[in-house]
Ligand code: TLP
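Form predicted on its own, single chain, as structure tokens, below.
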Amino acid sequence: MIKKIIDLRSDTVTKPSPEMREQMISAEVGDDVFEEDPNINLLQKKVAGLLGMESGLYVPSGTMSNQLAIKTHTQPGQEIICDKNCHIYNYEGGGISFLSGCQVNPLIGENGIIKVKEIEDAIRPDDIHAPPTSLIALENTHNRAGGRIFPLEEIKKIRILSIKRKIPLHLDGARLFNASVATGIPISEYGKYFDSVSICFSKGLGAPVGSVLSGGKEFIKKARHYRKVFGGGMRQAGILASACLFALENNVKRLKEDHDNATLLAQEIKDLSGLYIDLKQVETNILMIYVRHSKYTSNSLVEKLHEEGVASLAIDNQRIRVVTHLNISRDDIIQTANIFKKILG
């Protein structure tokens, strides 16, 4: 008999519910390259409207959404400022250089948060020897920082700088709804401080495929061209977009359950020998567990957990990441805590 695996590797492993599947089956479709798919058009309009932006573009993935934003905002030979641990720098296959011909000036933030003073100091001078700084990119929530929320007050300061220096500001908001639910700040409030925002539907919101890039009309028109160049022009993809529409209507408020489950797990295992967890860092649905054990490394503990029925990820030699999501129940969390206690108790 195959043992049930409690899959905490990522919220990308979520599977569409029966109700979501029903909506997908009955979705009206059209050709999206001709901008004729009604569900895609509706999704783009809704997301852009929620962010207070003019237009949106549905794409297959968060990586494509971010890379389209970078390509649209920049020219080859320019430079992007971002946090050293952000997704666009670590997990998008070197797309910044490969697709846009830009280099990165990665700043060492505090738990993924880079401050306005650090950004201002990193902006290149007007000098023929230096690549022009052409984009500032932030991430909210921040994946490698354990789902940390980027403070709105710091975003406001960075926006003032970006306007002053005429440098666009992009948000990798793959989990922006998590930040919104945790803080009570509507995503429209976040959106007003950015030139472009990427939101992902295939993580905590539970859709199988898709992200939406939002921005101004001319920006999205240009991004649509690059989407075609990148091979991302889709046809009758309203079947997929309908799942995202379902997620918008049904799966946003429930993100609080995921946040509560991550906090519960942290509380249950924080005192186990060989682990370190900072409860103050558990703000949303991602929990970083520091392994300081004489017997286990992060990798060997991940292997042992899997043997006992829990899937997780070793982020580096010292940290394990677990992510709660809509397919994980409170009972799953209690069982996971008991497995940790069995191994380390």
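Sequential numbering from 1, following the sequence displayed. A quick note: this is a predicted structure, and the numbers were derived from the prediction, not measured.
Below, we turn to the form predicted in complex with the ligand, even though it does not appear here.
The ligand in the predicted bound form comes within 4.5 Å of no heavy atom belonging to residue 137. Proximity of residue 91 to the ligand in the predicted bound form falls within the 4.5 Å heavy atom cutoff.
In the predicted bound form, the ligand sits within 4.5 Å of a heavy atom of residue 10. Using a 4.5 angstroms limit between non-hydrogen atoms, residue 83 is distant from the ligand in the predicted bound form.
Only one of 261, 100, 251, 202 comes within 4.5 Å of the ligand in the predicted bound form through a heavy atom, and that residue is 202. A single residue from the set 39, 312, 298, 63 has any heavy atom within 4.5 angstroms of the ligand in the predicted bound form; that residue is 63.
Note on the interface: of 188-196, 212-220, 107-115, 83-91, the segment with non-hydrogen atoms within 4.5 angstroms of the ligand in the predicted bound form is 83-91. Contacts between stretch 313-329 and the ligand, counted in the predicted bound form as any heavy atom lying within 4.5 Å, involve 321 alone.
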